[in-house]
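Let's start with one chain on its own, the form predicted on its own, as structure tokens.
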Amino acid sequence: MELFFSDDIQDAQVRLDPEESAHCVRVLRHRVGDEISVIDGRGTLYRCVLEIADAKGAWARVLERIHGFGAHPYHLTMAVCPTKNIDRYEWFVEKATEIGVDVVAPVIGERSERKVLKTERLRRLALSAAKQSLKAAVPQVAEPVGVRDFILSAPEGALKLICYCFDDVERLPITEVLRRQAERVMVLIGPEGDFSPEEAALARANGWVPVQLGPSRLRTETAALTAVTAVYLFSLEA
């Protein structure tokens, strides 16, 4: 199944941008009358028939709308410090999208080695991964903020989890905490040097629950993807 993306959907008409049009018409050789599937990035899939097969601007007519296509029964925000090697962070965004995540929120901690992050490429990777994994919703990639600001701005009512390596407090297994069955889950993952004690203390003081992902010491991106997978698999069992 091929998915195309459009943010220009009005009534029963869908317009593909030049990049998607070229892929549809020139690469995949779709012609007028062919049925194509288009996502809007917000959770709806549109079954369409191609009416203008122009490689610079294709148009299609909507036959059917399918809401919640490829959706998961939770809302997950992954607040993850960017890795020094940006390839590792990009890998996390791609794989987390394939599994199921709603918001990727880059956060900059006191011990972060990477202080600057360009988000446009991450958004393109998320879109590509959403189409590949047959999802109509594309995760939001937020602009980077400081760890402290993110901790303090987290909404009430969310299940807020922080993964870190300090042994000064009890850390419950993430699967045990997920039994609280909140619809909105937020997970905070630190940089290679972990959170500072002050950041961890601030999180605990503001309702973030310390959790652990098992006995292995994991890289930042591995820990983040493990958390995404835990939430996803728990939702299948719930």
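One rule holds for the numbers: they count along the sequence shown, beginning at 1. Please read these numbers as outputs of a predicted model, since none were measured by experiment.
Not pictured, yet referred to below: the form predicted in complex with another copy of the chain.
- In the predicted bound form, at least one heavy atom of Ser133 sits within 4.5 Å of another copy of the chain.
- Contact annotation: Gly214 falls within 4.5 Å of another copy of the chain in the predicted bound form, judged by heavy atom distances.
- Though the partner is left out of this view, Ile99 does reach within 4.5 Å of another copy of the chain in the predicted bound form, counting heavy atoms only.
- Using a 4.5 angstroms limit between non-hydrogen atoms, Thr175 touches another copy of the chain in the predicted bound form.
- Although another copy of the chain is omitted here, in the predicted bound form none of Arg15, Ala60 and Arg124 has a heavy atom within 4.5 Å of it.
- Heavy atoms closer than or equal to 4.5 Å to another copy of the chain in the predicted bound form belong, across 208-236, to the residues Leu213, Gly214, Pro215, Ser216, Arg217, Leu218, Arg219, Glu221, Thr222, Leu225, Thr226, Thr229, Ala230, Tyr232, Leu233, Phe234, Leu236, ordered by sequence position.
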